[in-house]
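Quick setup: one chain, the form predicted on its own, written in structure tokens, and binding and motion questions come after.
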């Protein structure tokens, strides 16, 4: 059996209209991306990208999107993302664009990048704070930015008697 390799594209939905983030659904975003691929690359590009294209994660609050596609066609997907100009939901068109943040081979690497990206964004916000209450709130958010790992994944192994081996 052959394993199909995928690429995960981490994107950010950027919009001036705050109502745009409320209307984001994975189905709507997937259709907008497929439409952009069809406009830019035609039937060939759409067929290549739609084999395993899915929206794996969508956070409407932060505007973070994780898209999955085959390794062979991720360049077609990435080149079509700037052509997503709007999201259409419930008969309304909301102008927006997708900002590609990271392309990774696993969801885990995209998670690690997203944590680092959020940490740098919070540091930028911390520099622009106007009062002490905002500063403490952002510092608390900075301290909570971490990806917890189980002990078995961290590389520390224990013997049957509970001692660590090096």
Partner chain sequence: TASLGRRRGGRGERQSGDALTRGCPSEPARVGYSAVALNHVIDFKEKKQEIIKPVSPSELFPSLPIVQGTTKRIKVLTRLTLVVSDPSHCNLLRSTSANIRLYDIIAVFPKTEKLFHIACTTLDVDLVCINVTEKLPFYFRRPPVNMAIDRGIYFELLYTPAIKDSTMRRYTISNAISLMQICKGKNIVISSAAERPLELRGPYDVANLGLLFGLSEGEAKAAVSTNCRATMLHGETRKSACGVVYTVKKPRKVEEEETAVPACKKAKTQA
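Positions refer to the first chain, counted from 1. Values in this document were obtained by computation on a predicted structure and should not be read as measured data.
Below, we refer to the form predicted together with the partner chain, which is not included among the displayed structures.
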Within 4.5 Å, heavy atoms only: does residue 89 come near the partner chain in the model of the complex? no
With the partner left out of view, is residue 57 within 4.5 angstroms of the partner chain in the model of the complex by any non-hydrogen atom? no
Residue contact check: residue 85 to the partner chain in the model of the complex, 4.5 Å heavy atom: yes
Taking heavy atoms only, is residue 143 within 4.5 angstroms of the partner chain in the model of the complex? no
Contacting member of 49, 32, 98, 110, with respect to the partner chain in the model of the complex [4.5 Å, heavy atom]: 98
Heavy atom of each of 26, 115 and 139 within 4.5 Å of the partner chain in the model of the complex: no
For the chain shown here without its partner, which stretch in 129 to 137, 116 to 124, 49 to 57, 65 to 73 has non-hydrogen atoms within 4.5 angstroms of the partner chain in the model of the complex? 116 to 124
Suppose contact means any heavy atom within 4.5 Å; which members of 12 to 42 contact the partner chain in the model of the complex? 12, 14, 15, 16, 21, 39, 40, 41
